[in-house]
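The chain that follows stands alone, in the form predicted on its own, written as structure tokens.
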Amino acid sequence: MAYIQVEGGNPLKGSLVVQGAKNAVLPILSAALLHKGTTELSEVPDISDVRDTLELLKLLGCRVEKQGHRVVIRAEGHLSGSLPQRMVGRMRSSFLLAGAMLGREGRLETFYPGGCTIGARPIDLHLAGLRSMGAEYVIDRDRISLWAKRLQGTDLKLSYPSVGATENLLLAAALAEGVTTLKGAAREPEIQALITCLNGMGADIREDKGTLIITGVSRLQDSAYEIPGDRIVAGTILAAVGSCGGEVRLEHIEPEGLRGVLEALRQAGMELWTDEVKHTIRARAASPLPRGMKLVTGPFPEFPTDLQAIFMAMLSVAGEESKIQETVFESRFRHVKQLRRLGAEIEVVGDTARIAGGSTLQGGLVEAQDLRAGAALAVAGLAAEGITLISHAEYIARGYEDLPGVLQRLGAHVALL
């Protein structure tokens, strides 16, 4: 078990090139399975979820080369359609391999996906869409067997804009016979990244009045694609600045993907400058932010649920009361108990948390119970007096490339133990 030690009281200062986006790279790695050739990716973050996904690709029969942040995937020949439970149980994104493998090989043996325990995350929308395209499946306890002769284009409509289901159905439709229309799709920037990557591989995907139209092609082509910057990592660093003060310049990040987040931070008193052409954000703040905010999580372009815990940590020391309503995952307030251990005054009623603000946090021993909750504890530790020790830091490594090192380079006193 790994620990992160955070010593509070040091403002952040400096520049940071934001890592490639976790939520973009994972479906794009699955997309590489669709092409019987070479896919080259740059700005791939060195995080445990990526390393695990690359291992799954190898198990399926791909050849993978990784040098720094560059990954080359060669998926020639026949791919095996069986995945081990010990690995797919680590991350929810493993089920994205279903759409790609059904489109490529017409078969996959897998298990129910795992990941962070932040609430019910059913795959019924994925399965219903794949079945409408001609796939069949059998679920035996945790084992899922899927097969199809060739997927068929059809008209699909999601009852909820699920990011995972949208990605899986895009992957499945790329090589399907005929045209697939997808209404009610998710609109997150990571969806657009997947579409751009697939089209660069030779897929035919376009949008018309909110509907995705995928015309299946018989084969794809060699391609290269750069993974965009991670807006959740950028939001985490901005929250850290709001928590302990300072001035930071973020590079390799699309400000448009954080529009609502940036507006909330401005209202709370942070100074922000953005450059859409140079893909930069500059932030400056005194500690703490003078005002609180009211946030409601939801599908893009609403406030991202992945930043809920992280902003709650920042708002615990803000000058005024704040409220956060969580509408995406019903169990995503588990971090509240850990923040209270550090002195945060937070009350939860149903799906809404009231953060009193103005708390004086004291360092202590806390536990990271999932990826974003762990990052939230690091943000809280930066504002706390004394030393905060965060256990189970391996959760944080699922989505953040060397968070202790990043914070160190910005002037924080942080160490991985």
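Keep in mind that what you see is a predicted model, and the values were worked out from it rather than measured. Counting begins at 1, following the sequence as shown.
Omitted from view is the form predicted in complex with a small molecule, to which the following refers.
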- Contact assignment for the small molecule in the model of the complex, among L220, A193, L212, L125, heavy atom within 4.5 Å: L125
- Message: Can you pick out, from S322, S162, T297, T110, the residue that has a heavy atom within 4.5 Å of the small molecule in the model of the complex?
- Response: S162
- Among 92-100, 258-266, 235-243, 145-153, the stretch whose residues bring a heavy atom within 4.5 Å of the small molecule in the model of the complex is 92-100
- Flag L26 as yes or no: does it have a non-hydrogen atom within 4.5 angstroms of any non-hydrogen atom of the small molecule in the model of the complex? yes
- Message: Residue-level question: is E254 within 4.5 Å of the small molecule in the model of the complex, judged on heavy atoms?
- Response: no
- Item | T305 within 4.5 Å of the small molecule in the model of the complex, heavy atoms | yes
- Task: Check whether R104 has any heavy atom within 4.5 Å of a heavy atom of the small molecule in the model of the complex, and answer yes or no.
- Result: no
